[in-house]
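Here's a solo chain for you in structure tokens, the form predicted alone.
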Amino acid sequence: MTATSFSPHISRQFDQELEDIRARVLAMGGLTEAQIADALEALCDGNSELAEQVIENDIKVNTLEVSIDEDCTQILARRQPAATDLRLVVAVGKTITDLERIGDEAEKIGHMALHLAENQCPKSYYVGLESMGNHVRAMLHDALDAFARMDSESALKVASEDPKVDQEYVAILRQLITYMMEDPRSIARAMDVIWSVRALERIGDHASNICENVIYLVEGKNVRHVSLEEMRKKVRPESD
């Protein structure tokens, strides 16, 4: 199934409540996407002011998570949704948790950017990191787009990018370990970069989780903790 949509309810207010939480998830996603972009710029350009802004803005992400979660609880209590409506509320709850954790990872990169700006880290240490950062940011953007369109095929495509991010992570890690072996004085700075790369890898994981939430929402199938091949079979059963 490539996409789905909701049938209108007798209660227009219920329709509005469901549409509102969807819209707010996308707004929260846009904020976390901006956090990733700013964190990367702060790190690679040594911009301490921008790094501090990323750290401060994390509270906005947290506030949105709490607010949307409260709305979901109210909908469950008052509307007692079933079928697709229930899956939407559950998927929203899981998605905002992943978005909040993405915000936390961006904040970590902000802290690392502050340390590295003070220590004047060589540009060579960021080889591959910026590309990986743009990759996971694109994953998040596309995962949110799949959520907005309720498109399980697109979600599957985005989730298939996660192994590539893992490969990038390993390659950058090897390069940084080489720097540390060649010059022990670089260990502290290289470790800050390693923590930043690790944060990017985790962002990729959370973007993939959001895709799993989309597949659950559209297909009604739980694809957590399964291989990509098993995920494909659940989304495309006719191809078996």
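All of these numbers come straight from a predicted model, not from anything done at the bench. In this text, residue numbers run from 1 along the sequence as written.
Below, we refer to the form predicted in complex with another copy of the chain, which is not included among the displayed structures.
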query: Residue (of Ile187, Ala171, Ala34, Ala27) lying close to another copy of the chain in the predicted bound form, criterion heavy atoms within 4.5 Å; finding: Ile187
query: Location of another copy of the chain contact in the predicted bound form, chosen stretch of 154-162, 72-80, 138-146, 123-131 [non-hydrogen atom, 4.5 Å]; finding: 72-80
query: Exercise: Asn209 in contact with another copy of the chain in the predicted bound form, heavy atom 4.5 Å; finding: yes
query: Residue contact check: His111 to another copy of the chain in the predicted bound form, 4.5 Å heavy atom; finding: no
query: Interface membership of Ser227, another copy of the chain in the predicted bound form, 4.5 Å heavy atom rule; finding: no
query: Contact flag, Ile55 vs another copy of the chain in the predicted bound form, heavy atom cut 4.5 Å; finding: no
query: Residues in 195-220 with any heavy atom within 4.5 Å of another copy of the chain in the predicted bound form; finding: Trp195, Arg198, Arg202, His206, Asn209, Tyr216
